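To begin, one chain is listed below as structure tokens, in the form predicted alone.
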């Protein structure tokens, strides 16, 4: 089991590292905390403008930062505890996207803010960033983008709302990185509240939180598969295109005018019931996942409000099953983890965290059972995926508030 250091310990270590690396005054150093997120229900529907749910975790991207010195006022420079090399550029000449470069999200954040604020983004920063969990499915990319945004805004004295930062972070991923995702990740990371389920309508871009089970009613177990692959090189964008084509064909069959931006949220359930059987098999599966997942989101919010963790967990299991069978995502290692978790005593619900092509699975676990579940899953996983199991890890998490400066 992973037992990461506390937030305060990580923040202090990063402050010290930043001061040593960039020789800044301790009085100028601040820290951004940007939590990882999970999506227990509402998988793969945000890009179709569906309704989704999310929880922020008490494990996070943590970044110490300070304004750049006057002698290099417009320069941005950053180091990472997780990746080699230094990122360095000028705000007046932000370089283009570089495949495989960890600095892409920092450059994308600066570009998104420069496009919005122009010369008001006139002060660079120095930064030291650290992530404490293995990446994949926890929205580490959105979390680090949010951290960069908060820091650049702080050193430039920019007042930015949660809604605006959601769009800035999406601009990083959609515009600069080229990932065709929706607003789920950014919204949960920015707007979550401790012990509350965030419900996000991706069409109206509105959200609210739902009070539910008392603290200690469950644990969140994050299980890392040891399998990594960049999301833009997986089938993620292909699935998005298939959902949009399913929407286009359903709207056409219903006699509605179709635009290039058709999404499944524009299709009524009645239209899907009537015309869904005429879709090609692959497109029918994608649409089936969307409409059944929306039903699970509605039922899950009600179960959460009643503090019925068992019912909520059962819906999470069915969400994971539909992700495999209808959305057809998930690499073999992640599917194995899902199956092992669902079959483990003490697990209330489990699914991929994210698209399921790489990274982590998550499970809602009965209190006090996480350690035993992690041991049992590790043993089963090692038998079926010995190469990936060398990097297997598990971490028990709690829920947390959204991104903030401390």
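Positions refer to the first chain, counted from 1. Treat the numbers as computed from the prediction; the structure is a model and nothing was measured.
Separately, the form predicted in complex with a small molecule exists; it is not shown, and the next lines address it.
Peer 1: Would you kindly say which of 176, 236, 291, 102 lies with a heavy atom within 4.5 Å of the small molecule in the model of the complex?
Peer 2: Contact check passes for 236.
Peer 1: So the small molecule isn't shown here. In the model of the complex, which residue out of 355, 364, 55, 64 has a non-hydrogen atom within 4.5 Å of it?
Peer 2: Exactly one listed residue reaches within 4.5 Å, namely 355.
Peer 1: May I ask you to check whether residue 43 falls inside a 4.5 Å heavy atom distance of the small molecule in the model of the complex?
Peer 2: Heavy-atom contact with the small molecule at 4.5 Å: present for residue 43.
Peer 1: Using a 4.5 angstroms cut-off on non-hydrogen atoms, would residue 182 count as touching the small molecule in the model of the complex?
Peer 2: Yes.
Peer 1: Heavy atoms, 4.5 Å, the small molecule in the model of the complex: which of 44 to 52, 339 to 347, 373 to 381, 27 to 35 makes the cut? Say which one.
Peer 2: Careful reading of the contacts points to 44 to 52.
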